[in-house]
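Given next, in structure tokens, is a single chain: the form predicted on its own.
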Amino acid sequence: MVTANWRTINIDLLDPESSANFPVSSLLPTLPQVSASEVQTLSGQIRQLLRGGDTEGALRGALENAPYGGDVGAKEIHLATVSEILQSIKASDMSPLLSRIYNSENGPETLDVLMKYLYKGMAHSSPPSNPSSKMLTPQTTGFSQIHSRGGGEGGGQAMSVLLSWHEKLVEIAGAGSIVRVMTDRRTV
């Protein structure tokens, strides 16, 4: 007589309606592949709108054409474009602009894409500009001397802009936007 330890049997595998038998790959829709050259072309068109003074059109164009199926290079180019747009819009224009986008067709989805770019921008760390700084090691005190002190258009300025946009976006779209971004499998 064969004895089986009934506590080690995975009964979910025996149930055909179990989530263990569900193909997880079907949760992610198929995304069209986007090359870096296509994103570069789109980036040029969006920057042209920005130079023409149409900040809302530039922001909408960038958010509605997010390269979900692009490679890392394409996504970095698009992130730089969105960051440039966000930094060019005045703080007093943020709330009215976000309200117009939110009240338009597909507005909440568009603002969710903006939230994705805000989080990606906050997580994005730029490489050091000084090539010799790559050889620096962290000090025994735990502090690193890689980043320079002082002013200029540094990471602190960009982070401040992203945090301002995040604050205004949560005011307009609500906290649900954060949850939707965190659970969406499509990345920008």
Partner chain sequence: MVSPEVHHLFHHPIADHSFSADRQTLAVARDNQVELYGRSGGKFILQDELKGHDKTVTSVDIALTTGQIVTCSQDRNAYVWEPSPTGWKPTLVLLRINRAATFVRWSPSEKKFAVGSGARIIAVCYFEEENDWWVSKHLKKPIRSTITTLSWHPNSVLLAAGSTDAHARVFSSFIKGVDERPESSVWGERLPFNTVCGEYLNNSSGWIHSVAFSPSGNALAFAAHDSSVTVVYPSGPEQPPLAVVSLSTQLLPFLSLIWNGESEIIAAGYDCEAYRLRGSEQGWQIVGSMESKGRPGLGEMREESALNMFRQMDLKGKGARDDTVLKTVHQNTVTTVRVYEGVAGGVRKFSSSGVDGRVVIWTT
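For clarity, a rigid core is taken as the largest C-alpha set superposing within 1.5 Å between two forms. All figures in this text were calculated on a predicted structure; none of them were measured in a lab. Residue numbers count along the first chain shown, from 1.
The protein also exists as the form predicted in complex with the partner chain; that form is not presented, and the subsequent description refers to it.
Site annotation in the predicted complex: the residue of 93, 109, 84, 71 reaching within 4.5 Å of the partner chain with a heavy atom is 109. No residue of the trio 33, 61 and 168 has any heavy atom within 4.5 Å of the partner chain in the predicted complex. Within this chain, residue 28 lines the site of the partner chain in the predicted complex, having a heavy atom no more than 4.5 Å away. In the predicted complex, the partner chain sits within 4.5 Å of a heavy atom belonging to residue 19. Residue contact with the partner chain in the predicted complex: residue 183 places a heavy atom within 4.5 Å of it. For residue 179, a non-hydrogen atom is located within 4.5 Å of the partner chain in the predicted complex, even though that partner is not displayed. For residue 24, the Cα coordinates differ by 2 angstroms or more between the shown form and the other one after the core has been superposed. Positional change of residue 167 between the shown form and the other one stays under 2 Å at the C-alpha, relative to the superposed core.
Expansion of the residue 166-residue 27 CA spacing by 3 Å or more is recorded in the predicted complex, set against this form. A shift of at least 3 angstroms brings the Cα atoms of residue 23 and residue 70 nearer to each other in the predicted complex than in the displayed structure.
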